[in-house]
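Just one chain follows, in the form predicted alone, and it is written as structure tokens.
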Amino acid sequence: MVDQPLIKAANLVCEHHDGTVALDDVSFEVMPGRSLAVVGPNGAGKSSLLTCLMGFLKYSGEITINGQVLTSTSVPQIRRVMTMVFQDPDDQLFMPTLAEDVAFGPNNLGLSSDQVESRVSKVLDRLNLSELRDRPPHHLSFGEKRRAALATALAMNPSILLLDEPTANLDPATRRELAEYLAGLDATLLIATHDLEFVKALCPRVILLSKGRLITEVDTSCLLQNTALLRNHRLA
């Protein structure tokens, strides 16, 4: 049996809440187990693409996630298999303690208290956050908040993980550790980022957006060798 795309966008036009166009006729596919990067200058539509896939923005065209067309009625089911880590971790952390933040999603899946605690303990241990489980999230460092936001997503056991600028404001060692960790996940990744070294480490394919339009989809190695294209779109 031929694998079907896990993520498919066809002729995607997406609008912000004020009606301005964020994405204009964007089409692409991501196969199971593959990782795709979304790159482009500020304002290209990278974050809009991720939030649109999550069902947060109005769109026309068609989005299919794990075989389901994204609609207002299918969003809850789709969010059981696909989660997003936002650019600003403070958008994701709102409970009194880190452990409660990580437990929030699994609790809403209707899991038992033992199942929820198992997920929380496992993901905090994997991200070296166990000692911080009772800490208020606003008392964490920025790097710790980054890992905490990732923990809230991973506790959902997603098949698809969307990451918006995951290396922003991280030091080189932490970026390297994050890349190594993500490379070991059993999940399909869609990563919006300016960090081309991070892309090189994780994503064999890349799409380039500019002003909401898809400029090209190529192998990452080809994009990195195209200095003129990178400069034209403020990536070099």
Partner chain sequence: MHHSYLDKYARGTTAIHGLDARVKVLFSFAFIILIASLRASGFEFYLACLTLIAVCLIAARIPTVYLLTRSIVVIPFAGFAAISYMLTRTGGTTYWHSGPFAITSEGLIDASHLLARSWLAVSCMIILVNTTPFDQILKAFRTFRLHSILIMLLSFFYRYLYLLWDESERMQRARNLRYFGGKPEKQFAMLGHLVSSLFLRTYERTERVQMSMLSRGWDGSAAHVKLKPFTLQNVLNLVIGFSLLIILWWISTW
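As the structure is a prediction and not an experimental result, all values here were calculated from the model. Residue numbers count along the first chain shown, from 1.
This protein has a second form, the form predicted in complex with the partner chain, left out of what is shown; the following refers to that one.
S.K.: Could you confirm whether A179 comes within 4.5 Å of the partner chain in the predicted complex, counting heavy atoms only?
M.R.: Output for A179 is no: heavy atoms all beyond 4.5 Å of the partner chain.
S.K.: Give a yes or no for D90: in the predicted complex, does one of its heavy atoms lie within 4.5 Å of a heavy atom belonging to the partner chain?
M.R.: Answer yes; at least one heavy atom of D90 falls within 4.5 Å of the partner chain in the predicted complex.
S.K.: With heavy atoms only and a cut-off of 4.5 Å, decide whether T51 touches the partner chain in the predicted complex.
M.R.: Result yes; T51 sits at the interface with the partner chain in the predicted complex.
S.K.: Answer yes if any heavy atom of D101 is within 4.5 Å of a heavy atom of the partner chain in the predicted complex; otherwise answer no.
M.R.: Yes - in the predicted complex, heavy atoms of D101 and the partner chain come within 4.5 Å of each other.
S.K.: Do all of F86, H139 and T152 end up near the partner chain in the predicted complex, with near meaning a heavy atom within 4.5 Å?
M.R.: Yes, because F86, H139 and T152 each have a heavy atom that approaches the partner chain to within 4.5 Å in the predicted complex.
S.K.: From the list L161, M156, V123, L132, which entry has a heavy atom within 4.5 Å of the partner chain in the predicted complex?
M.R.: None of the other options qualify; the answer is M156.
S.K.: Within 4.5 Å, heavy atoms only, which of T71, Q115, N128, N108 is in contact with the partner chain in the predicted complex?
M.R.: Here the answer is residue option N108.
S.K.: Could you tell me which of 37-45, 54-62, 189-197, 167-175 sits within 4.5 Å of the partner chain in the predicted complex, going by non-hydrogen atoms?
M.R.: Result of the contact check: 54-62.
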